[in-house]
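The chain below stands alone and is given in structure tokens; this is the form predicted alone.
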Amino acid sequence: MRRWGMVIDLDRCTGCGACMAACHQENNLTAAGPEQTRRDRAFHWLKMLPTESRLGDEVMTRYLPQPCFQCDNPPCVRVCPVHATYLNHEGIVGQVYARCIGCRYCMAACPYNAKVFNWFEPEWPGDMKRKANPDVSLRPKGVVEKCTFCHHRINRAKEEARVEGRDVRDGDVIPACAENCPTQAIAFGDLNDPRSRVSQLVSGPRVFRLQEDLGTEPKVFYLAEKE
């Protein structure tokens, strides 16, 4: 059984935000507009998390790309009263928009603030709606949404592999964030395949996960910067 995971190499990441912009376009996230932005209701599925580190007297600020961590022990799933969020058999935390009642318990339970609430009806100026990605559903007002590891791309890779009569190969699935990273800082693949690139990366000495002490078992790993 596959177990999808992601590795982000902070030694390669420049914090340019290309991953965030690609996610926004790939997954049909609408622009919030000035009024909703003023009310702090703009949202992204992938955020740039500012962090600070100290080297001697110098304080360094850097930005960590932060998608949903697709936890193996997800607190959001346990608190959903209508089972609108779930952990699937390949380790992805899914969201059933038609079932979501907008209570936001899952948002409160997520220690990483990975989930976002859709406060407003999507607006598509001009002919922008025609340019939406047909593989990703448009979400209505009043539901919680989040990163899916570009689940539609996973399904497409599976279908292509089935037609060709083979298994999904390492590198067949590339989420939009990884595809658009100019420094190739993001790797994606099957953590249960010891030959996959992500499996090899997570076995290295630089690997860490955010807030591991919480026991949520995130499947997004970071590689620390080299000294």
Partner chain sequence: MRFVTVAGVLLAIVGTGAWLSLLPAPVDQPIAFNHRVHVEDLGADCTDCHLYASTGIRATIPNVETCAVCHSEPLGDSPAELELARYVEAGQTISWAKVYWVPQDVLFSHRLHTSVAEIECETCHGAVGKRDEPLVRSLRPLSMDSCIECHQEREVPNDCIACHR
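Because the structure is predicted, anything quoted here is derived from the model rather than measured. Numbering follows the first chain given and starts at 1.
There is another form of the same protein, the form predicted in complex with its partner chain; it is not shown, and what comes next is about it.
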property: Close approach of Val163 to its partner chain in the predicted bound form, 4.5 Å, heavy atom; result: yes
property: 4.5 angstroms heavy atom contact with its partner chain in the predicted bound form for Met128; result: no
property: Interface membership of Ala108, its partner chain in the predicted bound form, 4.5 Å heavy atom rule; result: no
property: Non-hydrogen atom contact Ile101 with its partner chain in the predicted bound form at 4.5 angstroms; result: no
property: Contact at Thr14, Ala22 and Tyr63 by its partner chain in the predicted bound form, all three, heavy atom at most 4.5 Å; result: no
property: Residues in 81 to 106 close to its partner chain in the predicted bound form, defined by a heavy atom within 4.5 Å, in order; result: Tyr86, Asn88, His89, Ile92, Gly94, Gln95, Val96, Tyr97, Ala98
